[in-house]
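The form predicted alone is given below as one chain in structure tokens.
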């Protein structure tokens, strides 16, 4: 059936490129989750009226986050070429895309984490402080558990955006379904290949959204 509607699609190549997209998205998402949580916590805790209130540090972190959020992804890839080549040894392939994917998405996710933390009831935090809870206890027993539904929801949105970023990175040599749709579809005039790659990307996005929504509903106790 696939051969009938998509005669130019090579399934072996398609699965190879699909794996590359899933690989880039998955590995990047792990680091984005870690860095995003750390940056989000710092943004929240150093803001006015919070535990580590520090105007200077908060301004510096916010400035870094805002700068990297504002840079278009394609330009960011170009700006990071020396850095990427230095730590990865190459600018071609899925691994070469990881630094740009992580640096480009972590600040976005950090802001979503910060928003989630701001939704936590101030009374719960104050009650924990009144009972003499340490900062680490407040972070791991109050802030993160209470904001987890928003954090997971934000991670879902970030993951979907990340799939789009992998497609952009693929066009300039990172591999993945973006590379497949462009190199084997658009460049060769095979519109069916481009369409097939697009459908595959949409399916991945739908799966991510479904899993994210499912997890969010299970952990949301409200």
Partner chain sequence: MISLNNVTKQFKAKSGTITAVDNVSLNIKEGEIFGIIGYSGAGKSTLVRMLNGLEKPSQGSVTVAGKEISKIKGSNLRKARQEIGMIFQHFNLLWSRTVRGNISFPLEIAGVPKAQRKKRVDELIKLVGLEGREDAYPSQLSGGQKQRVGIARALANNPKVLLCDEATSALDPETTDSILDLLLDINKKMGLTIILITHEMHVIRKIAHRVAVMENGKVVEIAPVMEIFKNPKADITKRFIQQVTDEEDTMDTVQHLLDKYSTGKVVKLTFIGETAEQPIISELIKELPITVNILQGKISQTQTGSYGTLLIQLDGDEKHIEKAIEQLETQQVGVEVIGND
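As the structure is a prediction and not an experimental result, all values here were calculated from the model. Residue numbers count along the first chain shown, from 1.
Not pictured, yet referred to below: the form predicted together with the partner chain.
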Query - the partner chain contact at residue 134 in the predicted bound form, heavy atom, 4.5 Å - result: yes
Report task. Answer yes if any heavy atom of residue 89 is within 4.5 Å of a heavy atom of the partner chain in the predicted bound form; otherwise answer no. Result -> no
Query raised in the report: Should residue 130 be counted as a contact of the partner chain in the predicted bound form, where contact means heavy atoms within 4.5 Å?
Result: yes
Query raised in the report: Using heavy atoms and a 4.5 Å limit, would one call residue 82 a contact residue for the partner chain in the predicted bound form?
Result: no
**Report entry** Partner-proximal stretch of 70-78, 103-111, 89-97, 134-142 relative to the partner chain in the predicted bound form, 4.5 angstroms, heavy atom
**Finding:** 134-142
Query raised in the report: From first to last in sequence, which residues of 107-125 have any non-hydrogen atom within 4.5 angstroms of the partner chain in the predicted bound form?
Result: 121, 123, 124
